[in-house]
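In structure tokens, the next block holds one chain alone, the form predicted alone.
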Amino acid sequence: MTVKVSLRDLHLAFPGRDGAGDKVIYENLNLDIDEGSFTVLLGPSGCGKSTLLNITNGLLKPTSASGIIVDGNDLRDQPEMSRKMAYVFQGARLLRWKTLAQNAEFGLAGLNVQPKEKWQGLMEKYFSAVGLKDYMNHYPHQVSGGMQQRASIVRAWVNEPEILLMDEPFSHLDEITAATMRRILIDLWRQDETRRTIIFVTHDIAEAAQMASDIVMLTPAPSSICYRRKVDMPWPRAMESDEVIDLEKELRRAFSEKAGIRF
């Protein structure tokens, strides 16, 4: 399988408070992300999961690294490689004075990788795919939190990015809405013959088991990869299925045995 993103010998440290020693986040961390995978970064709060997304996108510079490679090119030498990516944040972050469609247009204009004549067609395609076509002209305050988050996914997806970075996008939603959002996202990802590469951050073991094709487990900082699991299980995955429950148990054991985290 082709490697889409490769982080090599990653080191990141922040100055400690009041002259204390540096806070080390990673030390010689290596991570390869396969093209077309749904890779979930799983780990406790503070282990640097979201920070890895920011380094991958070029939003944050590591203290040192031998490579931040996207499609064989080092992002530090060719920052335009970040235009292959789109970001979905923990909150919807919609502009409240713009309609859902205008928010999607804002995403299209910001990345500027799609010809303007395609914008309307792309918006209609992806708003329809997430069940929001009839709400395109609504403002964020006129729709639910789950619908706002769907609109934020559309804002990223209309650019048809090769890489989608997702930072705990469903953690603020109630479980019923979050379950719906997981199904919508998986359906959207699976609909294309050439699947996009998704890097998805969560601390939710059940969410990882339901969605991932590849699970990367991180220890508390200074973080290292303590466990990795390819998941060969078809979608959709029912949270109550024996296979998903068994995978959750396996991940909990790995957290305990590899990362020293007790539940």
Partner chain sequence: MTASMRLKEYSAQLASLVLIILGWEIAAQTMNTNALPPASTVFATLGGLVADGDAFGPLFSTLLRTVLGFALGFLLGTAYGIFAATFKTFDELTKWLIQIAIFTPTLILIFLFLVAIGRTNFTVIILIALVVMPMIGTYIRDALKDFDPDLEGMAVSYKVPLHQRVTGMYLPFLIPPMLAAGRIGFTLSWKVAFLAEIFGFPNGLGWQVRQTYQIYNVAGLLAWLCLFIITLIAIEQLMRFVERRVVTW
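Positions refer to the first chain, counted from 1. These figures come from a predicted structure and were not determined experimentally.
Heads up, the form predicted together with its partner chain isn't pictured, but that's what we're talking about next.
In the predicted complex, L95 touching its partner chain (heavy atom, 4.5 Å): Yes.
is_contact(R150, its partner chain) in the predicted complex, heavy atom dist at most 4.5 Å: No.
4.5 angstroms heavy atom contact with its partner chain in the predicted complex for W189: Output for W189 is no: heavy atoms all beyond 4.5 Å of its partner chain.
Exercise: A101 in contact with its partner chain in the predicted complex, heavy atom 4.5 Å: Residue-level check for A101: no, no contact with its partner chain.
The single option of P115, G110, G121, G145 touching its partner chain in the predicted complex, heavy atom within 4.5 Å: Going through each option in turn, the one that passes is G110.
Contact test, all of T202, Y227 and K258, partner its partner chain in the predicted complex, heavy atom 4.5 Å: Not a single listed residue reaches its partner chain in the predicted complex, so no.
Candidate stretches 234-242, 24-32, 204-212, 53-61, one within 4.5 Å of its partner chain in the predicted complex by heavy atom: Among the listed stretches, the partner-contacting one is 53-61.
Stretch 154-184 - residues with a heavy atom within 4.5 Å of its partner chain in the predicted complex: Counting only heavy atoms within 4.5 Å of its partner chain in the predicted complex, the contacting residues of 154-184 are R155, A156, N159.
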